[in-house]
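Presented below, as structure tokens, is a lone chain in the form predicted on its own.
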């Protein structure tokens, strides 16, 4: 027996060496796997953002996806796990802007090419660090196939998809209401905003003969249309198009009556004024009736000159002053200070979103969401847990056209050119003079939504022919309405096939008290700190055991410590077994018991019940194998040997290591090496064949 077993298991000494052994073997690449493996199994890694360190959520998905991949590899599949990194568009630019702020600089005023190059250098450095951390967590992905969302072929294919969609009239450019972040000076899609319930004063004003209500008096300078439902009998005497002279914020105005069914007769007085530039509903009303629209708030969140003495003021500073002016004019009726209002905020900086009207590129979602819903109806895509199918359907059935334009430097440029009213979708500049290139970049979800296609070499690559569609998309449940639908949509639109047949959704990793981790709260747990303290295997088991799909997890350090103790227990088991000479036939009763366990765990693994499978093998090794079988063997020793039980103990150790390997790959591989086996454990045969219904 190797002298290393005389000391406790040392993850720090073991893990880098074992990972290098795996990587040097070439077996992460399915093309190098031994045997005649006819059936492929493919999983695509959700590409971590290449802008910083991995967090605990990354550690969870890496553990789960590695468990799936190692299991399938041992089951005889050509198991391919495709890794990558995401440039993460807006998110990375936000991170970089914070870096600039610390340096006393700002992206505004910087040459776009210089800014892009600085962010690229920053991202590539972080990408290298991030990938090192992915390796340290034991990811058995094929690094020879690694991709970055800004690789030249990815950029080209992303732009070609846009051009195809332009030709198919699935993308269009139009002046529409968009979500505008005044801090970061870019538009955002619906999924990049957070709706928060807040207490906001609700003001009631006299508007000629009417009473109107609003939480945003700062937008009312341009209000010259008063809208009511055509069936509202309270206002039957007013005709559509009728004009009224009335006193308003900056003096007398002429207001026009508009009858429109969008008005809720049961809300307030059933009358409202509209600010088409700063409200989606108001914009739609104005569009239907061909009404004037006028911008009241600028792109920096300050009032324009239409506000007269309030011009140049920030909304927060101007609001109460505007109310005071209306009150002085006798136009303030009352104020409700306890009104609950839903406020949209930027998901990165919490700045209140200002609806603005801007020319942007939009994807027509209805024909694409129909493709996704049809695929789910046909059972081509299933969700684990299955209740997320309802969530998916809701977002597909209630989608709005997707704004894919971003006013940032960092990303893939939209391949469009303008000349007057002419618009051409093309990577290269069109023939002729006077063309201006679109300076906007794609929403990062536009490129990452095509990730399974890019990773497999769509449309002509060998991997696309062999490994697409992939098998499983494992990702966080918070991406059920962000990333998952876009991947399904693009897969169906471009290839005619869903990019995967199963969507496995894990929960979020929270702190020990179950609270969401955030830097502002100071409760962020660094997985690298935990692995250096307790070992990667211990963290992986903590993240998986008892972690039901779709359910959030509280990450407790005492639990990780417990699984470090389990690793030491396994080490001690191996020390005891290896101290005996491997003689004697395995006990049939004990082998049959183990075979039943292996069958049970195999069924759990095949049905994505990893949290249950991990708990079963943990319980068996600690409580049955160590506490009972080994303890019962010790009194039977003769001269330090247990020939009548040694064969059994070796059998149980070897096969327990196989069942544990997907969950705790480092320590199991290390012990396996001490068993003087020819093959690495990672390519050993799984101890139960569910297809044959028998042990192997």
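Keep in mind that what you see is a predicted model, and the values were worked out from it rather than measured. Residue numbers count along the first chain shown, from 1.
Keep in mind that the form predicted in complex with the RNA is missing from the display, and what follows is about it.
Of the listed positions (135, 127, 147, 564), a single one reaches within 4.5 angstroms of the RNA by any non-hydrogen atom in the predicted bound form, namely 564.
Checked against the RNA in the predicted bound form, the residues 426, 287, 341, 185 give one hit for a heavy atom within 4.5 Å, which is 341. Partner proximity in the predicted bound form, defined as non-hydrogen atoms within 4.5 angstroms of the RNA, places exactly one of 315-323, 546-554, 237-245, 152-160 at the interface: 546-554.
Residues 281, 575 and 623 are all found to lie within 4.5 Å of the RNA in the predicted bound form, as judged by heavy atom distances. Taking the partner from elsewhere, residue 267 is found to have a heavy atom lying within 4.5 Å of the RNA in the predicted bound form. Contact annotation for residue 233: none of its heavy atoms lies within 4.5 Å of the RNA in the predicted bound form. The RNA is not shown here, but in the predicted bound form it comes within 4.5 Å of a heavy atom of residue 611. The closest heavy atom approach of residue 71 to the RNA in the predicted bound form falls outside 4.5 Å.
Along 468-502, one residue reaches a heavy atom to within 4.5 Å of the RNA in the predicted bound form: 481.
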